[in-house]
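One chain is shown next in structure tokens, namely the form predicted on its own.
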Amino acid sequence: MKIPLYHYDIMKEREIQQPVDFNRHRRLKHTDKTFKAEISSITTLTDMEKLFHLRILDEAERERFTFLPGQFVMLEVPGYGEVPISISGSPSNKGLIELCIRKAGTVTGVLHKAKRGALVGIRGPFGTHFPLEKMKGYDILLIAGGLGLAPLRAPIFAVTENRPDYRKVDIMYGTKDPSQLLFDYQYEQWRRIDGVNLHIIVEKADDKWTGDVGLITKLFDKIEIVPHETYAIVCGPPVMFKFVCAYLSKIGVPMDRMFVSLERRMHCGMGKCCRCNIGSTYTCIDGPVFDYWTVMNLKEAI
């Protein structure tokens, strides 16, 4: 069927209204750089998740590599493909990249079979980050559900390592059951930091669990929140955002002071595959970190 001529005119007009970004490739030029790295150690966290410690081989590249909490890398397993993974380690730990990886597909399945010394490729870091500079001098809520503790761990490190810059810090973490808790070996370390409170809850307890049981929003009963003196970072399944951020908004925490990570939507990491686009927004380029006001105005973002 032929398309009427006026349809072509409309399409042409739309192209004129949306100017071409000729500088886009220059901004993304670092996507072509692959850092060769080796797996220096592996820590089993649960039946499905492992923490990989990666070390960039070239000493000069290792020194140059930096990232900000909330950013991600593209991790390549030669011969199998690559996947986007949020960085879970401390930004101050030079030369060591920590990635918490769930076994969920071909590439991650191969990684879970890898041993210490295996070689991989890293591109990045990519994406936006949590605005921790803006948060200085405020109370901080760090909220994670399930695997969401992996991307939240980087801002936890940043806040606890620069403790004088922030006021009261509350870490809230929830999972379906105790067997799915991540990084349990660090809980006491976080609790010992002055002014840091850790609250953990599971939806279903086992015989050994003595903590709170229920949805993560139940933990708000334990926390005193001063809405206009608080910033919040929320990581986890998108359905959790609706309930957690809705509660915070209801009590008066401004939407532009709540930040979420949409890293679960990403695929190629540089806006080529279009799998992460939400309208005209690409999660991998414009995100993965967004304030909640922006997310609420992105149709089907959560």
Partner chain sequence: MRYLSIEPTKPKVAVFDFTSCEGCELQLANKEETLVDFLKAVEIVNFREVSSAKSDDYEIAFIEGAVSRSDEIERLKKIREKARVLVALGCCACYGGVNKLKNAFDLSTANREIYGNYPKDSMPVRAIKDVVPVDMEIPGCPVNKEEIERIIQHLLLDINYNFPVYPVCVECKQKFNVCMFEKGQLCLGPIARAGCSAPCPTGGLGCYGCRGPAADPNYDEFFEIARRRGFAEQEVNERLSFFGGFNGIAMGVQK
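Quick caveat: nothing in here was measured; it's all calculated off a predicted structure. Residue numbers count along the first chain shown, from 1.
The same protein also has a form predicted together with its partner chain, omitted here; what follows describes it.
Only one of 146-154, 224-232, 129-137, 71-79 places residue heavy atoms within 4.5 angstroms of its partner chain in the predicted complex, namely 71-79. Put simply, of L96, A205, A114, V169 only one has a heavy atom within 4.5 Å of its partner chain in the predicted complex, and it is A114.
Checking G211, G195, G214, G109 for any heavy atom within 4.5 Å of its partner chain in the predicted complex turns up a single hit: G109. The shortest heavy atom separation between A118 and its partner chain in the predicted complex is within 4.5 Å.
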